[in-house]
Each structure stands twice: as structure tokens, then as C-alpha cells.
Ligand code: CP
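To begin, one chain is listed below as C-alpha cells, in the form predicted alone.
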């Protein structure tokens, strides 16, 4: 994969070498993300941040990543705040806004919409999530988190044992992560979901074609036993016809400390793309896990910044210039990680 000047629309663009290159650059970004150093390598560059679906972590972490590299961010949030509400096409929007930006991040509720936008854009576009289709940067930060969590145990990504739990039909994060996992070898993957919310068949077929062992089950206890990672997802309420339909499945696969202790290995890592649904009746990851040292969800969200910094640096072809434009941080920076 050639990063410089490229769109990032799908995990299918990545081979293993590209993933390793990205992770190497992400490692180099950690001092800047942790405010141990600062850099102005993208001074004068503009990120167009276009989010037509609700977002907290993805939108803000992309913006923070660009700011930490010295760039400026211009945001559009929601259809009501854009000319699309007046009937403007994605083509026209892309042609206009790419004239104002050096790179664009876009989230849109329709599958394939970001690729359609990118086809008309004059600058690189990163997919921040398109409907129930894909979320490539989330998959990359998820895999980067898994790599870091396992490294402390002298383990690599080959041979990983992982359970994905919850809404696997509409959860675009698990779709992209599954495609990424297909690049590695000897994985054991448990897919835990209700029958109606199973992982799409084509994703399962791709995992099996890559030689991985795949178990599909509705039994939470069996699915999370003997794994390195439990990756939980919320019910994607916004993809259902009604809240009442989503409520049928809400809270079906609730992981709390007692379930974890009874079924998981003592050092099983708990992950979630966030937001976790903390409403009564949902709580797919209970708050009683907050003090569990294996709960990696906030380390995972922190890693979103370094991965997105690395994507910007590689796409805008400045990864080898970051240090040259760096200097000390001159504000109070003590942070509790």
C-alpha cells in the first residue's frame, strides 16, 4: 500500500506490511500524543472534519490528532448544518470542501457514501464510518491496542484468541477488525451474538478462508472462555427500524465482574469501541469492571489518537519530518495514564 496521497476507505486496502508500517509510525507518535513533546509538522494544513452521524471519540480524536501535528481543523456536524440539507449532492459537496482542505475525514450513515464522496474529492479522504459497512481507523486502533496489551505478555498477534460479543450484524467496528485479523495466522475467533445479529456470512467466510478457527455461538459463557481478548459491542440501536426492536436484544450479553471471574482467564483483556451503553437494561460492560486492570477500553480510546496521527503523517507524507519540527512542551503536562 502506498500511503502518500491515498484515500483510506476500507481495511481491504491494507496488507500486513502496511499495518506494520502504520504501527511503527504510531509508536513514534506516542511522545507527542502524551504531550511529552510537541511538533508543528503540519503547520498551515487544514483538516475538513465532516460528521453526519453522532460521534464523540472518532470526531474529537481525529481533530486532536491533527492539532497535535500542528494543523487546523474545520468541522461540519450533522446534515442540518451543511448544504446537503438543501439538496446538495455528495459530489458537489466533495468538489467544494476539498478545495478548502488538505485532507478530509468523513462519517456518513449510508453504506458506501464515503467512497462516493472520495471519488469526487480533490484531496485524500479517510472513512470515519459509513453506515453499517466499515470503520477502518477503529479497526487499526483496536489491533494496535491488542498488540500493545499482548506485548506485555511476550505474545504476538499470530495465534490470537479473541471473542467478539454483541451486535455483530450492524457493528461496523467488528466487520473491519475481522477483515484486518485475516492478515494474521492461526487465530481462534468466537463470535457471540443472537441469531438475528450474527456476523455477515461474507466476513465469516473470509476469516475461515484465511485459515482461522471460527466458532459462532449464542452462549456467552462458552464464547468468552479460553480467550486472550473479549471485544464487546453495544446494540447498534440506530440501525434498527425502532428502539423497541433494538430493546429485544439489549442486555442479552452483559459482561460484569462475576461473569468475567467465572468464565474468563485471569488476564483476559476486555475491549469495547465505545460508547458502552450504561443505561439500565443494557450495560454490556458493567461499571463494576472499572477497577479491573484488564479493562482496556480507555487505553484503547487513547490509542485512537496515535493511530490517527500516524495516518495523517503517512498520507500527507511527513512521517520522516515530525522530529525535525518538534520541540519541548511549555505547559503543565502531568497526566495519569
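Only a predicted model underlies this, so the values are computations on that prediction, with no experimental measurement involved. Numbering follows the first chain given and starts at 1.
The same protein also has a form predicted in complex with phosphoric acid mono(formamide)ester, omitted here; what follows describes it.
- Looking at 63 to 71, 40 to 48, 289 to 297, 266 to 274, the stretch with residues near phosphoric acid mono(formamide)ester in the predicted bound form, meaning non-hydrogen atoms within 4.5 angstroms, turns out to be 266 to 274.
- This chain appears without its partner; in the predicted bound form, the one residue of 190, 193, 138, 232 with a heavy atom within 4.5 Å of phosphoric acid mono(formamide)ester is 138.
- Interface residue remark: residue 107 is counted as part of the site for phosphoric acid mono(formamide)ester in the predicted bound form, having a heavy atom within 4.5 Å.
- Contact annotation for residue 55: at least one heavy atom lies within 4.5 Å of phosphoric acid mono(formamide)ester in the predicted bound form.
- Scanning 24 to 52 for heavy atoms within 4.5 Å of phosphoric acid mono(formamide)ester in the predicted bound form gives no residues at all.
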